[in-house]
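One chain follows as structure tokens, the form predicted on its own.
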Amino acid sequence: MDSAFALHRLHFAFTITFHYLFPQLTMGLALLIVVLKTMALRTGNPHYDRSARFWAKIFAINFGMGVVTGIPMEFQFGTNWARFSKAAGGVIGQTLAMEGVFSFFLESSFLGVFLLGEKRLGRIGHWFSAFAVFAGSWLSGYFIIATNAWMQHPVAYTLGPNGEILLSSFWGLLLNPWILWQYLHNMTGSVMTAAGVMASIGAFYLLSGKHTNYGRTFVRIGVIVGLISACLLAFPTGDGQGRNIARHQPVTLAAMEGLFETVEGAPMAIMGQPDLNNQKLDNPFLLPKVLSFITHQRWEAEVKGLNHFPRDQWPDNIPLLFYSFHIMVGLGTIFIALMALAALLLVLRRLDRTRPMLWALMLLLPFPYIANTAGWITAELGRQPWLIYGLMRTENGWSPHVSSGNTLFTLIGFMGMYLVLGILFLFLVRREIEHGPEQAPAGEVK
């Protein structure tokens, strides 16, 4: 592999992975802030208003970091992936522009209104501003997913006389059949991140004896929403996305499962190590016939193995694809078990006194981020070696006139800047958590 090409891939992988640490929390947190404002509106209890304002501050810090780290990615389409932009810019430019013009301005404008306009708007107006922030963030997610879905499953296009890809149907692009399950799975993952963060901070408050009333609220909402999200990630959203892959990218499915030979009644691999030299899965732990059932709804259905496809169509890094997929699924299973146990203790009114579970919830914080990152690695590695599936190979989309030295220089620069931004982000969030939500006036009872 050309060193410059490899560096272009590494450059984009680094910037997009770091960037997505922030939107995945803001998209999920936007929904939870609406939940808190709805509870405040229904109960009239200012405790929930103060809780919403606290999380809005965390949201604002994440939103700012997401904007700062997201803008360079727009330029990278031209600097690092010029041939891809020249060929497909007429298609992906539509959704990327709409994300910036419509959803970003909706989200950012009403975020300012939410943070600064509570007294002027009144209770209903302030709830509406929270809902507008939620709508903007989830609309932003839709346009980005629509862009990625088109690269995974290109539709609504024609080829121009010079090989350029032309959009033939705007609504066909936005209603790509690939979008539904990918969007729902992605957004549910973001809600899982927000629920995990909220439950973790709440558990921290309960364990430290600080802001305990808020800690109980955060743990209760985080556990309930987290359990619902974890279950939805498995079914129907994860199941639906798996059937998408089985139908349209069968070679990706085979690589994700380490399946080399075509078999009827294909097993699901719970663990193992792909051995490309001998084309087998070492030390496998298999569930017989389960893969056939979950992808085709028949126990004896045939699932094509990697050897059914030409070698040049195999994903570039099968071991990493296999491990990232299984990390995502494994963590998702743990989330279901942990949140179900926490929910049981919540029903029994023992959760806030069960310190081992509170410790487990507090330590949960980084794992939804890991699961979401592993999920996106699975999606992007699974599409390889195609930049646009079936239309443009990744090796044909990069910028050949940008040297490896220039790419490495800017990559090191981004790493340094993002290190500083990461430290600043942790400092700001830690300060807000240490300060905690606003204290209730003397005499007020929750």
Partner chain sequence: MEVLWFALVAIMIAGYVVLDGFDMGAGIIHLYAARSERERRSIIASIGPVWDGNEVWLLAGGGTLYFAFPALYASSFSGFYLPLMMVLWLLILRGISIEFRNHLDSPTWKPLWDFVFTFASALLAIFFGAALGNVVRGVPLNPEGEFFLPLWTNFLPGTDAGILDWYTILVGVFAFATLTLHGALWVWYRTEGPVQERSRRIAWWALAAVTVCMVVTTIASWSVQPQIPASFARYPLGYIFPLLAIAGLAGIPFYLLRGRELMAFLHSCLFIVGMLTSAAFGIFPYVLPSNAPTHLGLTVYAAAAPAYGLRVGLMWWIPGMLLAVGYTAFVYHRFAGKIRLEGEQEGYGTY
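Predicted model, so just to flag it, every value in this text is computed and none were measured. Positions refer to the first chain, counted from 1.
There is another form of the same protein, the form predicted together with its partner chain; it is not shown, and what comes next is about it.
Screening 401-409, 387-395, 373-381, 38-46 for residues having heavy atoms within 4.5 Å of its partner chain in the predicted complex returns a single hit, 401-409.
Site annotation in the predicted complex: the residue of G265, P284, G90, P177 reaching within 4.5 Å of its partner chain with a heavy atom is G90. The partner is absent here, but in the predicted complex a heavy atom of L116, alone among A337, L276, I124, L116, sits within 4.5 Å of its partner chain. Proximity of E74 to its partner chain in the predicted complex falls within the 4.5 Å heavy atom cutoff. With a 4.5 Å cutoff on heavy atoms, L421 counts as touching its partner chain in the predicted complex. Its partner chain in the predicted complex comes within 4.5 Å of a heavy atom belonging to G112. Residue contact with its partner chain in the predicted complex: I16 places no heavy atom within 4.5 Å of it. Taken together, the three residues I61, A82 and S169 all lie with some non-hydrogen atom within 4.5 angstroms of its partner chain in the predicted complex.
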